[in-house]
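Single chain ahead, written as structure tokens, the form predicted on its own.
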Amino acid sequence: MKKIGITTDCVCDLPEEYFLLNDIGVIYFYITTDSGRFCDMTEVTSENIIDYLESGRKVNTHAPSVEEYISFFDSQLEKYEEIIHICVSDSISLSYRNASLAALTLKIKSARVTVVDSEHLSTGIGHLVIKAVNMRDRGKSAQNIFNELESMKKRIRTSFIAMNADYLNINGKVPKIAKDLCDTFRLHPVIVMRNGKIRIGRVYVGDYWRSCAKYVKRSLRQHGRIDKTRAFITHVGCTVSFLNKIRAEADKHCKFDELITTKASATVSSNCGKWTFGIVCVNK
């Protein structure tokens, strides 16, 4: 039996090969459509869900149930003495609450499960997963890893720019009046995570590409404070040529050792829509 296992929600948006190479346990969210309920990543992709939404239909997203977390943790505890599970922010999902209840339900085993509220979504969670894996591989204790994640999550900068507020409105993240204003004045909202909650950080006006370039510049303007080890460009339905332009724009303002492009999960994609992308990095 291995000492420490790192597990997480699929909405951390890390590439699937990273999970396999680094022995990370993943539990999947669900998407409900008119046709039924589908497992994110294994039964539905961001491309599928965007095509579906652009046809005018709606979806609902769901965290795993308490029972599913119990089964998941039980299976992981067969392989590890302890597990650290990193969840999407408690304020935007039932993930943390369901995982915490599941851990308590395990009773005598509960001391072997540590559940972390990331206070982020998408690759904001991914940064924490990578840190946890690196510390595990260096032989750090579960308590040391937990303490570092609690500190690090305050330094992560998770934000995305969306072409419009349509999907944010459909899924209840912003009111209809905000959506209508964005449509009328060609406003492109920036979604930020602050203290675990989704907020509209600012809006850009006019041409979308110019707005995106301004967003990238602003995101990286305090480059002296940013940890240059790694950053993510996480996107929904962006073309290769568009992503290359984003990468070139980012390189103008901050040189990272690794600038990793990842696709958002279907769960994240359904809440923000096509052409959304984010620069997700960490402060020193």
Partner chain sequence: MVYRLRQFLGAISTTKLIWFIYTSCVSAMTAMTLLGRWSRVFLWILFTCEVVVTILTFAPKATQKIHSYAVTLTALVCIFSCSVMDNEFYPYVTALLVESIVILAYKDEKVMLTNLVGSMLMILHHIFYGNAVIFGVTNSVIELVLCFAIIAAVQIFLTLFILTMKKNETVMRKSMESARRAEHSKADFLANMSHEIRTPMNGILGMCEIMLRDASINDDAKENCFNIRTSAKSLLAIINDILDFSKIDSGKMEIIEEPFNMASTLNDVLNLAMARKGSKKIEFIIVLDPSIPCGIIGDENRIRQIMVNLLTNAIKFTEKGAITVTVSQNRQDYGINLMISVADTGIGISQENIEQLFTSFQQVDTRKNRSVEGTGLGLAICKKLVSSMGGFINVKSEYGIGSEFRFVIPLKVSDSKPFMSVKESESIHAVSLFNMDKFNHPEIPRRYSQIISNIGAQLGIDYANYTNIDALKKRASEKAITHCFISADEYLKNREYFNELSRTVKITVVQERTDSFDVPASISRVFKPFYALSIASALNNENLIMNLNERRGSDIHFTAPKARVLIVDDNDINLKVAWGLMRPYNMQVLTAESGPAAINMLRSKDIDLVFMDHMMPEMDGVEATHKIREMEGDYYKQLPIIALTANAISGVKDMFISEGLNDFMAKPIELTALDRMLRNYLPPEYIQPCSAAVYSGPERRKSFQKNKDAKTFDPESGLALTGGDADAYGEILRMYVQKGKDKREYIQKLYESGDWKNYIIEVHALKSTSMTVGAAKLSELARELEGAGKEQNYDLIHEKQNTLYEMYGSVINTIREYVNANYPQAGQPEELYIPNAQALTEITEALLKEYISVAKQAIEAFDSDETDKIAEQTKNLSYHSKPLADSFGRAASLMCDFEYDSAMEVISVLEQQITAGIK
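Residue numbers count along the first chain shown, from 1. Keep in mind it's a predicted model, so treat the numbers as computed, not measured.
Below, we refer to the form predicted in complex with its partner chain, which is not included among the displayed structures.
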| query | finding |
| --- | --- |
| Stretch in contact in the model of the complex with its partner chain, which is absent here, among 33-41, 248-256, 212-220, 225-233 (heavy atoms within 4.5 Å) | 33-41 |
| Of 180, 207, 137, 74, the one that lies within 4.5 Å of its partner chain in the model of the complex (heavy atoms) | 180 |
| Contact test, all of 21, 81 and 154, partner its partner chain in the model of the complex, heavy atom 4.5 Å | no |
| Its partner chain contact at residue 61 in the model of the complex, heavy atom, 4.5 Å | no |
| In the model of the complex, residue 52 touching its partner chain (heavy atom, 4.5 Å) | yes |
| Contact test in the model of the complex: residue 65 vs its partner chain, heavy atoms, 4.5 Å | no |
| 4.5 Å heavy atom contact, residue 202 to its partner chain in the model of the complex | no |
| Stretch 263-284 - residues with a heavy atom within 4.5 Å of its partner chain in the model of the complex | none |
